[in-house]
Ligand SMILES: O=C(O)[C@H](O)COP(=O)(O)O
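We begin with a single chain expressed as structure tokens, specifically the form predicted alone.
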Amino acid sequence: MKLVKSSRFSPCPGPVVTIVLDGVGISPHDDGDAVKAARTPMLDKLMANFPMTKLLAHGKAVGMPSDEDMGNSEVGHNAIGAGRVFAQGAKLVAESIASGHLWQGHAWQEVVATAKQGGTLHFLGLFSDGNVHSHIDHLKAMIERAKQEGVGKVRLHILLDGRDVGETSALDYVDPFETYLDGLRSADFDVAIASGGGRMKITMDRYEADWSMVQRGWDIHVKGEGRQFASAHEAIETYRNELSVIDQDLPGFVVAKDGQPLGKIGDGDAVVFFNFRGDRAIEISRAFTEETFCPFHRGPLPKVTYAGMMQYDGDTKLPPRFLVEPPAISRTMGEYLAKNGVAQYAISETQKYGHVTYFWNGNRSGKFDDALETYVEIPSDVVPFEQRPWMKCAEITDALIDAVRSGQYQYLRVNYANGDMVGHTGNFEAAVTAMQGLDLQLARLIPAIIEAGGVALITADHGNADEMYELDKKGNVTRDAEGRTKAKTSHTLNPVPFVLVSGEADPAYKLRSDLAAPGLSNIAATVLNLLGYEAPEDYDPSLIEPA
């Protein structure tokens, strides 16, 4: 993995710093765009005075099945770090189902065998067609296959979305799905929704930010302990009447009949966690698979056959049983730099720490070289993000400026989570505040990078805060009869910025104009060029050329 010194590019005299403004896209519209609405004098100045282009961050450009699929932080950081585009989870699962390979795998056969021996087959996961963590069509395919193979009892534990899809769209999925189940149900096939709750309230924590979420999910899904309702529809309607929250924040519920939970998870059962994305699947998978477990008191561990849709952590082999092979991402930029003696620094707060480490490194959780790499995690606040939209951007910047000034690192990368995490709340004013907080940090950070003789690459992994209201098919903001807007909490299909900031009056490079549709995967080769190396031949081309 020896990198070739470039004859076209001299190494930057100072550090090269990639700054990922998570969830900050470029919208063609002004209405509902918190990025444009915010007062961001520093970002405006950088975009106006330094070389800038737009990068694709969705669809096929990041390995998703089609260009109708939004990007996300996982695939975005995979593309940035790998320098190439790999087929991602949604596409891999769909192909595995279509080819029948999933049904032929040992994991699926073991799950079915367990259920046919008298156990219940449980499906647990995000219940929508957002295609970021899961897809409801994958769930349907597995239910139908289970019936076809003779499984007698299936229970569903649904995590309501309202984040990658409309913020109050839960019943748009639940009600048709209940009709769908009615058509499948028969004397020898018992299928029903057994429990559920909002994805940001139960089960789907990540990076160990709030284990209590997982504990609440465990109590609901496994123990059947929680507020009881006759149906998921009743639970959602009741909570909506009682609470002013969107789907992702709805409390957990247990579907019960005559006071008894309809589908607790117990000994002899099989469980499939049908999310394909790893970050929010790891903790619940640990709870189901680890014999010795300390994060919370889970009670007796039921003896179940547990499978993930994919293997969520290749280093820890978690879970050991999985239905679809994940993308094999190798030879990432981070690995090349480590093997060539380049000191690296990666930093974010808890919510995005794994993105500048695990996902950046091709779904690899460890370092390539302990001596050359420094990873810093700033603990995130455990509060609703709209209540503290500045999050930890100031603390991140404090540490990052110290790292830049230390002279110890040739390459640094940072993720500022604000645009994405606050964008997901649907709170426009909070997203505006988040952007203004970010701008203050850029105003501190960029001068430090320039003072050190470095170069900053400002970009994003996908859009979010750039489109805070739902749009109609023509791209106009939708409004009700009273003129009120409806919040949008999902990512966007918009491109993201790429700004190349240097203190040199006349840099020896310039942005290329001959790339038809540059995307996030073009960033890695650009970084390598700025460090004085030629990119590997199979990397997507650099965004720069000699001036």
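Just so it is clear, the structure is predicted and the values come from calculations on it, not from any experiment. The first residue of the sequence shown is number 1, and the count goes up from there.
One more form of this protein, predicted together with the ligand, exists but is not displayed; see below.
Asker: Go ahead and superimpose the pocket C-alphas, place the ligand as found in the model of the complex, and count ligand atoms within 2.4 angstroms of backbone or C-beta atoms: 3 or more is blocked, zero is open.
Answerer: Open, going by where the ligand lands after superposition on the site C-alphas.
Asker: Spot the stretch among 104-112, 434-442, 130-138, 331-339 with residues whose non-hydrogen atoms come within 4.5 Å of the ligand in the model of the complex.
Answerer: Going by heavy atoms within 4.5 Å, the stretch is 130-138.
Asker: Are any of the heavy atoms in D164 no more than 4.5 Å from a heavy atom of the ligand in the model of the complex?
Answerer: Although the ligand is absent here, D164 would touch it in the model of the complex, with heavy atoms inside 4.5 Å.
Asker: Hey, in the model of the complex, does T357 get a heavy atom within 4.5 angstroms of the ligand?
Answerer: Although the ligand is absent here, T357 would stay clear of it in the model of the complex, with no heavy atoms inside 4.5 Å.
Asker: Could you tell me if H221 has a non-hydrogen atom within 4.5 Å of the ligand in the model of the complex?
Answerer: No, H221 stays farther than 4.5 Å from the ligand in the model of the complex.
Asker: Does any heavy atom of H58 come within 4.5 Å of a heavy atom of the ligand in the model of the complex?
Answerer: So H58 does not count as contacting the ligand.
Asker: Within 4.5 Å of the ligand in the model of the complex, do we find a heavy atom from each of S73, R199 and H462?
Answerer: Contact check passed for all of S73, R199 and H462.
Asker: Under a 4.5 angstroms heavy atom criterion, identify the one residue in R364, K264, K91, R206 near the ligand in the model of the complex.
Answerer: Exactly one residue meets the criterion: R206.
Asker: Work out which of R216, R84, R277, R321 lies within 4.5 Å of the ligand in the model of the complex, going by heavy atoms.
Answerer: When the ligand is considered in the model of the complex, the option within 4.5 Å is R277.
Asker: Output the sequence-ordered list of residues from 1-31 with at least one heavy atom within 4.5 Å of the ligand in the model of the complex.
Answerer: Residue within 4.5 Å: D22, and no other.
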